[in-house]
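Take a look at this one chain, the form predicted alone, written out in C-alpha coordinates.
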(Lines give C-alpha, C1' and ligand atoms only; values in the text may rest on other atoms or scores of the structure.)
Protein backbone atom coordinates (compact mmCIF):
# COMPACT_ATOMS: atom_id res chain seq x y z
CA UNK A 1 0.00 0.00 0.00
CA UNK A 2 1.29 3.47 -0.92
CA UNK A 3 2.36 5.74 1.91
CA UNK A 4 0.02 8.58 2.92
CA UNK A 5 1.12 11.89 1.40
CA UNK A 6 1.71 15.02 3.45
CA UNK A 7 2.69 18.28 1.74
CA UNK A 8 3.64 21.21 3.98
CA UNK A 9 3.11 24.54 2.25
CA UNK A 10 4.95 27.18 4.27
CA UNK A 11 3.90 30.02 1.92
CA UNK A 12 5.98 33.09 2.91
CA UNK A 13 6.84 31.83 6.39
CA UNK A 14 8.75 31.58 8.74
CA UNK A 15 9.78 35.20 9.02
CA UNK A 16 13.52 34.56 9.21
CA UNK A 17 16.16 31.93 8.53
CA UNK A 18 16.79 31.51 12.26
CA UNK A 19 13.10 30.70 12.83
CA UNK A 20 13.24 28.28 9.92
CA UNK A 21 16.18 26.45 11.48
CA UNK A 22 14.35 26.14 14.80
CA UNK A 23 11.27 24.71 13.03
CA UNK A 24 13.37 22.23 11.06
CA UNK A 25 15.10 21.02 14.23
CA UNK A 26 11.74 20.45 15.90
CA UNK A 27 10.35 18.60 12.88
CA UNK A 28 13.48 16.44 12.64
CA UNK A 29 12.81 15.10 16.13
CA UNK A 30 9.96 13.06 14.59
CA UNK A 31 12.01 11.80 11.65
CA UNK A 32 11.07 8.15 12.29
CA UNK A 33 7.40 9.07 12.05
CA UNK A 34 7.79 11.05 8.82
CA UNK A 35 9.64 8.17 7.17
CA UNK A 36 6.32 6.31 7.25
CA UNK A 37 4.84 9.02 5.02
CA UNK A 38 5.67 10.67 1.73
CA UNK A 39 6.52 14.05 3.27
CA UNK A 40 7.20 17.10 1.10
CA UNK A 41 8.09 20.54 2.46
CA UNK A 42 7.55 23.63 0.30
CA UNK A 43 9.39 26.61 1.86
CA UNK A 44 9.98 30.08 0.42
CA UNK A 45 12.72 30.03 -2.25
CA UNK A 46 15.10 31.86 0.10
CA UNK A 47 15.17 28.88 2.48
CA UNK A 48 15.63 26.17 -0.16
CA UNK A 49 19.24 25.34 0.65
CA UNK A 50 18.70 25.11 4.39
CA UNK A 51 15.54 23.03 4.08
CA UNK A 52 17.03 20.74 1.44
CA UNK A 53 20.06 20.02 3.61
CA UNK A 54 18.12 19.36 6.80
CA UNK A 55 15.24 17.24 5.53
CA UNK A 56 17.69 14.37 5.36
CA UNK A 57 16.08 11.06 4.50
CA UNK A 58 12.69 11.72 6.12
CA UNK A 59 11.33 14.33 3.70
CA UNK A 60 11.70 15.85 0.26
CA UNK A 61 11.90 19.40 -1.01
CA UNK A 62 8.95 20.92 -2.85
CA UNK A 63 8.34 24.28 -4.48
CA UNK A 64 5.27 26.47 -4.11
CA UNK A 65 5.30 27.32 -7.80
CA UNK A 66 7.21 26.60 -10.98
CA UNK A 67 7.99 28.76 -13.99
CA UNK A 68 6.93 27.55 -17.42
CA UNK A 69 9.94 29.36 -18.91
CA UNK A 70 12.96 27.51 -20.24
CA UNK A 71 16.41 28.40 -18.80
CA UNK A 72 17.36 31.96 -19.72
CA UNK A 73 17.58 35.56 -18.51
CA UNK A 74 14.34 36.30 -16.66
CA UNK A 75 14.57 38.84 -13.87
CA UNK A 76 12.62 37.71 -10.83
CA UNK A 77 11.89 34.19 -12.11
CA UNK A 78 13.11 30.90 -10.67
CA UNK A 79 13.35 28.45 -13.57
CA UNK A 80 12.96 24.66 -13.26
CA UNK A 81 16.67 23.99 -13.72
CA UNK A 82 17.37 25.95 -10.53
CA UNK A 83 14.63 24.05 -8.66
CA UNK A 84 16.18 20.77 -9.78
CA UNK A 85 19.64 21.85 -8.61
CA UNK A 86 18.30 21.97 -5.02
CA UNK A 87 16.72 18.54 -5.35
CA UNK A 88 13.11 19.66 -5.77
CA UNK A 89 10.85 16.62 -6.16
CA UNK A 90 7.37 18.19 -6.25
CA UNK A 91 5.86 21.51 -7.27
CA UNK A 92 2.54 22.96 -6.13
CA UNK A 93 0.85 24.22 -9.29
CA UNK A 94 -2.33 26.29 -9.52
CA UNK A 95 -2.73 27.00 -5.81
CA UNK A 96 -5.86 29.05 -5.14
CA UNK A 97 -3.73 32.04 -4.15
CA UNK A 98 -1.86 31.86 -7.46
CA UNK A 99 -5.15 31.63 -9.32
CA UNK A 100 -6.32 34.61 -7.30
CA UNK A 101 -3.38 36.57 -8.70
CA UNK A 102 -4.75 35.92 -12.18
CA UNK A 103 -3.05 32.66 -13.10
CA UNK A 104 -5.29 30.86 -15.59
CA UNK A 105 -5.87 27.14 -16.08
CA UNK A 106 -4.21 27.45 -19.49
CA UNK A 107 -1.07 28.83 -17.85
CA UNK A 108 -1.25 26.08 -15.26
CA UNK A 109 -1.44 23.47 -18.03
CA UNK A 110 1.89 24.79 -19.38
CA UNK A 111 3.46 24.60 -15.92
CA UNK A 112 2.31 21.01 -15.51
CA UNK A 113 4.02 20.04 -18.76
CA UNK A 114 7.17 21.88 -17.68
CA UNK A 115 7.26 20.03 -14.36
CA UNK A 116 6.72 16.66 -16.04
CA UNK A 117 9.49 17.40 -18.55
CA UNK A 118 11.84 18.10 -15.63
CA UNK A 119 10.76 14.99 -13.69
CA UNK A 120 9.18 17.11 -10.95
CA UNK A 121 5.84 15.83 -9.63
CA UNK A 122 3.07 18.35 -10.35
CA UNK A 123 0.65 18.75 -7.45
CA UNK A 124 -2.23 20.38 -9.33
CA UNK A 125 -4.66 22.38 -7.18
CA UNK A 126 -8.33 22.72 -8.04
CA UNK A 127 -11.31 23.96 -6.06
CA UNK A 128 -14.47 26.01 -6.26
CA UNK A 129 -14.82 29.54 -4.88
CA UNK A 130 -18.16 28.79 -3.21
CA UNK A 131 -20.53 25.86 -2.75
CA UNK A 132 -24.06 26.60 -4.00
CA UNK A 133 -27.07 24.46 -3.04
CA UNK A 134 -27.85 23.66 -6.68
CA UNK A 135 -24.52 21.98 -7.28
CA UNK A 136 -23.30 24.35 -9.99
CA UNK A 137 -19.86 24.27 -8.40
CA UNK A 138 -19.46 20.80 -9.90
CA UNK A 139 -19.41 22.35 -13.36
CA UNK A 140 -16.78 24.81 -12.18
CA UNK A 141 -14.67 21.89 -10.95
CA UNK A 142 -15.17 20.02 -14.22
CA UNK A 143 -14.06 23.01 -16.31
CA UNK A 144 -11.06 23.67 -14.07
CA UNK A 145 -9.93 20.06 -14.31
CA UNK A 146 -10.36 19.85 -18.06
CA UNK A 147 -8.55 23.13 -18.72
CA UNK A 148 -5.70 22.45 -16.28
CA UNK A 149 -5.05 18.91 -17.55
CA UNK A 150 -5.56 19.68 -21.23
CA UNK A 151 -3.08 18.07 -23.61
CA UNK A 152 -1.68 15.50 -21.20
CA UNK A 153 -0.94 11.99 -22.35
CA UNK A 154 -2.99 9.45 -20.32
CA UNK A 155 -0.32 6.78 -20.79
CA UNK A 156 2.79 8.75 -19.86
CA UNK A 157 1.72 11.90 -17.98
CA UNK A 158 -1.29 11.37 -15.75
CA UNK A 159 0.29 8.66 -13.61
CA UNK A 160 3.05 11.12 -12.66
CA UNK A 161 0.89 13.85 -11.14
CA UNK A 162 -1.19 14.42 -8.02
CA UNK A 163 -4.29 16.51 -7.45
CA UNK A 164 -5.08 18.69 -4.44
CA UNK A 165 -8.70 19.59 -3.90
CA UNK A 166 -8.79 22.88 -2.02
CA UNK A 167 -12.21 24.55 -1.96
CA UNK A 168 -11.51 28.25 -1.54
CA UNK A 169 -14.54 28.77 0.70
CA UNK A 170 -13.10 26.35 3.29
CA UNK A 171 -9.69 28.01 3.58
CA UNK A 172 -9.03 30.00 6.74
CA UNK A 173 -11.93 28.59 8.72
CA UNK A 174 -11.84 26.74 12.00
CA UNK A 175 -11.72 22.97 11.63
CA UNK A 176 -15.31 22.52 12.77
CA UNK A 177 -16.56 25.02 10.19
CA UNK A 178 -14.62 23.63 7.24
CA UNK A 179 -15.64 20.82 4.88
CA UNK A 180 -17.38 17.73 6.23
CA UNK A 181 -16.24 14.20 5.38
CA UNK A 182 -19.49 13.62 3.46
CA UNK A 183 -18.98 16.71 1.27
CA UNK A 184 -15.32 15.90 0.70
CA UNK A 185 -16.17 12.32 -0.27
CA UNK A 186 -18.75 13.62 -2.75
CA UNK A 187 -16.18 15.91 -4.36
CA UNK A 188 -13.57 13.14 -4.57
CA UNK A 189 -16.07 10.86 -6.33
CA UNK A 190 -16.89 13.63 -8.78
CA UNK A 191 -13.23 14.38 -9.51
CA UNK A 192 -12.61 10.70 -10.24
CA UNK A 193 -15.63 10.66 -12.56
CA UNK A 194 -14.28 13.62 -14.52
CA UNK A 195 -10.86 11.96 -14.76
CA UNK A 196 -12.55 8.78 -15.99
CA UNK A 197 -14.41 10.74 -18.67
CA UNK A 198 -11.21 12.52 -19.72
CA UNK A 199 -8.91 9.51 -19.68
CA UNK A 200 -10.17 6.18 -18.34
CA UNK A 201 -11.16 4.49 -15.09
CA UNK A 202 -7.78 2.90 -14.43
CA UNK A 203 -6.06 6.28 -14.76
CA UNK A 204 -8.65 7.94 -12.53
CA UNK A 205 -8.14 5.41 -9.75
CA UNK A 206 -4.35 5.83 -9.79
CA UNK A 207 -4.23 9.63 -9.46
CA UNK A 208 -3.66 10.50 -5.77
CA UNK A 209 -6.13 13.13 -4.54
CA UNK A 210 -5.09 15.24 -1.56
CA UNK A 211 -7.20 17.70 0.40
CA UNK A 212 -6.26 21.22 1.44
CA UNK A 213 -8.40 23.76 3.28
CA UNK A 214 -8.25 24.43 7.04
CA UNK A 215 -6.45 21.15 7.73
CA UNK A 216 -5.79 20.77 11.45
CA UNK A 217 -5.23 17.90 13.90
CA UNK A 218 -8.84 18.36 15.05
CA UNK A 219 -10.45 17.37 11.75
CA UNK A 220 -7.89 15.27 9.93
CA UNK A 221 -8.98 11.84 11.23
CA UNK A 222 -12.43 11.53 9.63
CA UNK A 223 -11.40 13.53 6.56
CA UNK A 224 -8.72 10.95 5.83
CA UNK A 225 -10.46 7.73 6.84
CA UNK A 226 -13.90 8.36 5.33
CA UNK A 227 -13.29 10.08 2.00
CA UNK A 228 -10.87 8.20 -0.24
CA UNK A 229 -8.17 10.88 -0.26
CA UNK A 230 -4.50 9.91 -0.12
CA UNK A 231 -3.18 12.73 2.02
CA UNK A 232 -3.18 16.45 2.74
CA UNK A 233 -1.82 19.77 1.56
CA UNK A 234 -1.32 21.64 4.84
CA UNK A 235 -0.79 25.36 5.24
CA UNK A 236 -0.53 27.16 8.59
CA UNK A 237 -0.61 23.97 10.69
CA UNK A 238 2.61 22.82 9.03
CA UNK A 239 4.46 25.75 10.59
CA UNK A 240 3.93 24.28 14.04
CA UNK A 241 6.00 21.15 14.67
CA UNK A 242 3.52 19.74 17.20
CA UNK A 243 0.56 20.23 14.86
CA UNK A 244 2.42 18.70 11.93
CA UNK A 245 3.38 15.71 14.06
CA UNK A 246 -0.22 15.24 15.21
CA UNK A 247 -1.41 15.29 11.59
CA UNK A 248 1.24 12.74 10.60
CA UNK A 249 0.27 10.48 13.50
CA UNK A 250 -3.37 10.59 12.39
CA UNK A 251 -2.38 9.55 8.88
CA UNK A 252 -0.36 6.61 10.15
CA UNK A 253 -3.01 5.39 12.60
CA UNK A 254 -5.74 5.04 9.97
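Residue numbers count along the first chain shown, from 1. Source: prediction; values computed, not measured.
Omitted here: the form predicted together with ligand PGA. The next part is about that form.
In summary, among the residues 214, 67, 38, 187, the only one with a non-hydrogen atom within 4.5 Å of ligand PGA in the predicted bound form is 214. The contact with ligand PGA in the predicted bound form, taken as any heavy atom within 4.5 Å, belongs to 170 out of 108, 121, 170, 152. Contact with ligand PGA in the predicted bound form, judged as any non-hydrogen atom within 4.5 angstroms, is confined among 142-150, 68-76, 162-170, 99-107 to 162-170. Under a 4.5 angstroms non-hydrogen atom cutoff, ligand PGA in the predicted bound form lacks residue 20 among its neighbouring residues. By the criterion of a heavy atom within 4.5 Å, residue 236 is counted among the residues contacting ligand PGA in the predicted bound form. Proximity of residue 245 to ligand PGA in the predicted bound form falls outside the 4.5 Å heavy atom cutoff. Residues of 9-25 placing a heavy atom within 4.5 Å of ligand PGA in the predicted bound form, in sequence order: 9, 11.
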